[in-house]
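In the block that follows, a single chain appears as structure tokens, in the form predicted alone.
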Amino acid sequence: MKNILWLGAILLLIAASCKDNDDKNGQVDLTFKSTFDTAPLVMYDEQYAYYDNLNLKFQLFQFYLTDVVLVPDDATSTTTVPHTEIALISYKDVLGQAAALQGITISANKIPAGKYKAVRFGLGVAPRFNATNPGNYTPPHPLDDHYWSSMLGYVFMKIEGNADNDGDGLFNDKLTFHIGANSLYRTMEFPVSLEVKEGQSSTINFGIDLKRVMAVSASDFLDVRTVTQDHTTNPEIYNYLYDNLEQAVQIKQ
């Protein structure tokens, strides 16, 4: 009987300790809103003005993030706080203005209370994950799809849409850009001033301009009249798009 009582007391202490730890955590949401120039990015129906009087529509825009972490605001600390191991930021179901303005959010609810000075993540699929395949995961999982068997890796970014290259309003020119390779993976870090409070949620907002992914300026843009697809076969194209993606992801304070 004494053993049972002691076991019960130990379990209560463990439960109380876990509750105390949970109470010292908060939630951090990372929200990613995509635009084309300044207009909210909506799939299928919306058309967007591009350079040289071209117009575009989109059916898919997505990219992967890996090893999302928060950096504590502590000069003596060399550790980071994990947020999300891997995420697919996909706008394929953004079918209206309301959804576009809401954006895509990834959340973590066990972030220790305290102050943080940066958020860091890998743009793409880290090599340790890129060495796996969808058979290693149970759906739904970010890595249960978007895999190239022929290239033994994942597609880091997809852009799919249509162009009206002759101005007849029919958008008959299909655009397909599927980009992914270990050499493209890179780490990005953004300064923040974030305080996570116990039992409360905080949000870090990001903006991604798809026009900036496809173009640098009116004199430096992906000309969809001559290039309508790439499957990581032309380095000039896929490096251009992926370098631009890095520049297009911006934090919004």
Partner chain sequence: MMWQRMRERWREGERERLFWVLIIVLWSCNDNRLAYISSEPTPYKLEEPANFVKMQIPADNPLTKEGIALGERLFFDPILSADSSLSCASCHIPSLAFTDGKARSVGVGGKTVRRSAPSLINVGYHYKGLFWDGRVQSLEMQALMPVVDHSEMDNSWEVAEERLRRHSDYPILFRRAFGIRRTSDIDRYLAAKALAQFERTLVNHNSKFDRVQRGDAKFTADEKRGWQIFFDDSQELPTSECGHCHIDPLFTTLGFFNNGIEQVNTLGDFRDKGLGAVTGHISDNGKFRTPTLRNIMLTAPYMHDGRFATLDEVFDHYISGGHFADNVNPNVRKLRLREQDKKDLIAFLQTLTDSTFVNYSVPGSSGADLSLQ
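Positions refer to the first chain, counted from 1. Note that the structure is predicted; figures quoted are calculated from it, not measured.
Same protein, other form: the form predicted in complex with the partner chain, not shown, and the subject of what follows.
Each of Gly135, Pro139 and Asn172 places at least one heavy atom within 4.5 Å of the partner chain in the predicted bound form. Within 4.5 Å of some heavy atom of the partner chain in the predicted bound form lies at least one heavy atom of Asp145.
Although the partner is absent here, Ser150 sits close enough that one of its heavy atoms falls within 4.5 Å of the partner chain in the predicted bound form.
In the predicted bound form, the partner chain lies within 4.5 Å of some heavy atom of Lys57.
Proximity of Asn182 to the partner chain in the predicted bound form falls outside the 4.5 Å heavy atom cutoff. Of the candidate stretches 173-181, 106-114, 119-127, 79-87, only 173-181 has residues whose heavy atoms lie within 4.5 Å of the partner chain in the predicted bound form. Interface residue among Thr228, Gln47, Thr66, Thr35, judged by heavy atoms within 4.5 Å of the partner chain in the predicted bound form: Thr228.
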